[in-house]
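Starting off, we have a lone chain in the form predicted alone, written out as structure tokens.
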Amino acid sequence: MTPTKRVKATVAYDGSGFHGFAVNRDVRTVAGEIEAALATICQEPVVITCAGRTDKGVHGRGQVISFDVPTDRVTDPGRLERSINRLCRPRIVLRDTTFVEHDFDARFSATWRRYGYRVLNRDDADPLLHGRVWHVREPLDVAAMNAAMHHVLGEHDFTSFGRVPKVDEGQTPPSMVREVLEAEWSVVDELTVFEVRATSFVHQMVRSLVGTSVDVGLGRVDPTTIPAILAARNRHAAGRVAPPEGLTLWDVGYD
């Protein structure tokens, strides 16, 4: 068996041109592009692991990946990074590429993930922000949105704010319990920005929290009802799912 070295890298990408991060046959994905570049460089298939899968249209600024490369073909992680970037830029760019111990795993070694969501809250759209924000015309009550998100801090079952994975008959569904460490809305210039950090997330959890927050900000949902929505453990109890283009995986933590 060919000796290998494990590589860790941070990845930034424009998700608007991809069908999500994970490899998906017959469609263009971020991981698919990186693995194709690695196969060209290493002259053999290379499988990457990511810290958090992102959906179609979702962007990444601090996604983290790990993968194994043959030691006889890759001796310098900086050179490897430059080679991948030549093949993948400008839509995908790697940085901070380095060798790590073989027990490092981009997904399972991570202790938290942080996402950011940007809302353009004004009457007119901004063509230069198209595909990067959710344009909401009606004024938002940010204080009410923060009051709502205060209730999601800590450990909860987020079935009401996520998509429950399908399992085969007789299998036990995976836990939907997650721990949220931060969840706050702020106004930055003309953007209303949501920052949320958790140990991990269920599928569509951030976009569901954003959609319900916006409904709160528009006066359609009372912020004090969030505990009842969590307790319902029913996706129909929460608000809408925000569109993907405003969402970015900002960074991942490793202790």
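If you're wondering where the values come from, they're calculated on a predicted model, not measured in any experiment. We number the residues from 1 along the sequence you see.
The following text describes the form predicted in complex with another copy of the chain, which does not appear among the structures shown.
Taken together, 69, 110 and 253 are entirely out of contact with another copy of the chain in the model of the complex: none brings a heavy atom within 4.5 Å.
Under a 4.5 angstroms non-hydrogen atom cutoff, another copy of the chain in the model of the complex lacks residue 168 among its neighbouring residues. When another copy of the chain is considered in the model of the complex, residue 124 lines it closely, a heavy atom lying within 4.5 Å. Though the partner is left out of this view, residue 90 does reach within 4.5 Å of another copy of the chain in the model of the complex, counting heavy atoms only. Although the partner is absent here, residue 23 is not a contact residue: none of its heavy atoms lies within 4.5 angstroms of another copy of the chain in the model of the complex.
Heavy atoms within 4.5 Å of another copy of the chain in the model of the complex are found in one stretch of 220-228, 203-211, 41-49, 58-66, which is 58-66.
When you look in the model of the complex, the only residue of 130, 150, 79, 163 with a non-hydrogen atom within 4.5 Å of another copy of the chain is 130.
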